[in-house]
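Just one chain follows, in the form predicted alone, and it is written as structure tokens.
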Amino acid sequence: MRILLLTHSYNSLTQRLHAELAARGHELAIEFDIADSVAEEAVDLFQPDLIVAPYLRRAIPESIWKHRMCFVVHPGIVGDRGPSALDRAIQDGVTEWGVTVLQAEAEMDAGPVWASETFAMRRTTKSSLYRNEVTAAACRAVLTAVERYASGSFDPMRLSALSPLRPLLKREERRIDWSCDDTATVLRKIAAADGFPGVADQMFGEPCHLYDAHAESTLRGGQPGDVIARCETALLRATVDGAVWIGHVRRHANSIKLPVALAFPEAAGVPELPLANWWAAEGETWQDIAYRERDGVGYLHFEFYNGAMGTQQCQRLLQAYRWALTRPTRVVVLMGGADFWSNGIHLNLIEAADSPADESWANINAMNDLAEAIIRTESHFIVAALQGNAGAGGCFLARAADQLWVREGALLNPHYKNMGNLYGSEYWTYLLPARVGEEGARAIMRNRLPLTAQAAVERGFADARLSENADIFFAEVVRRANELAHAEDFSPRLAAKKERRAKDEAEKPLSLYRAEELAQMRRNFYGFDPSYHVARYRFVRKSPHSWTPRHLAPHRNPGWQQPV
């Protein structure tokens, strides 16, 4: 079928649906929901058989849903209605939730049900649930609904009685009362507002919005609400029964989200609790880099918020990586974080810098230092195990490893041009053609579309696709890493790896790849074309879309032939 995805943005769910539907042979186009007239024009141009709305912030206009079948993906169980479905489910502490695919009608979330899926609620943030359980359930439900619609014989379920429409969760309903809210309540409130809109609060006497909270199981002190400690860029606040780490804040409406210790200069006076070493701490706490070890294999976790890696984070991770190589192991597995492996340079920190160009330059060089260390490693086999998404330089940082294993459901965006025609570095000109060929590399960079785990393996970018279930995925990573570490031919394979690297270095040194890439990046950062700086500004400040990018909207391209 010809399917139009009408969406507020090209978010993780829209990307996954785009890839999954295309893989099943459907003809796809995407239109950002900018205005009724724009959506109507897209429908007239593309002439879709079906419209799917995976992520909207307003209703589909009547001029469209009255004349075309429109499916709306609602992140709630059958019968739930309202715009804060997932937020309320987290804040209320429900144990099971779901996704419903409804037919668009005049009344919100009240149309016939074409498909639904449920899932168990993890104790985590809204963003994490959305990227994982909600996205997986939504894909299953949408694919089922599309099949049912294509059959022409399915009779969707009309709800016999409508539940009350629950309004947008108000700011006051999200507010933390530090004098009586326990740690679990504080964590739920911040988790329910993660990503957007955050929890309105105060720190150091100034209003702000809180994000990225983590439990602390041992440290105590101060009055509820007090800032009592600092660790790297996070601050610890006392609760009535313990304490929570706050990772990020937005200081006012027009500001961008930043690590809390960097957003507030006053944080410099807070007592610091530096991490003693890279070993994973016992119990619940905040630790962005953590090392574990078992059966001759080292596992290096780096849980960076939204996968963004600033200059100092890259430098600290490089220190941890070099330390991990001193351990009596044969294999090191780079685990990344639960939701993101890496998304490359930290655009928010760059935007907040006195000189974004200088910070961009420092950040890309720190990323390159880390990638080079991985590429040049001769003492171990290195595995990148992607349990979460990866984008831009993060994809090529992962590809610097000897093996790249991807969890089913994770998305890879191994390209840079969406960020204002950024050229990219991280040795991609060395790593990518070697895996997918010169033409394959050009296609990936030109198409600027996400790869599913299956597509990444089929194209040669990744080496293995593992289970979508997080627990099974980790068990498979452990099994594979153990087999690699204890293989009878380990030594000759390691010797062959060294020989390949020496041969590559003789043909063209890594330093030359880096110099060539950075010459292009210097033009992006310091040249006359401001595209990168404009794109970064719009990205970090969440500027509304003015148009749909042409690589997503074939119906907007010159020469498009309207279907007969």
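None of these values were measured; they are calculated from a predicted model. Just count from 1 along the sequence shown to find any residue number.
Keep in mind that the form predicted together with a small molecule is missing from the display, and what follows is about it.
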Considering only heavy atoms, tell me if T144 and the small molecule come within 4.5 Å of each other in the predicted bound form.
no
Using a 4.5 Å heavy atom cut-off, state whether H346 contacts the small molecule in the predicted bound form.
yes
At the 4.5 Å heavy atom threshold, is K257 in contact with the small molecule in the predicted bound form?
yes
State yes or no: in the predicted bound form, is some non-hydrogen atom of Y513 no more than 4.5 angstroms from a non-hydrogen atom of the small molecule?
no
Three residues, T7, L28 and T452; all within 4.5 Å of the small molecule in the predicted bound form via heavy atoms?
no
Determine which one of 180 to 188, 322 to 330, 392 to 400, 67 to 75 lies within 4.5 Å of the small molecule in the predicted bound form, judging by heavy atom distances; exactly one does.
392 to 400
Students should find that, of A85, L422, I444, L317, the residue having a non-hydrogen atom no more than 4.5 angstroms from the small molecule in the predicted bound form is L422
Just to be sure I understand the contacts: of H209, R407, R131, R237, which is the one whose heavy atoms reach within 4.5 angstroms of the small molecule in the predicted bound form?
R131
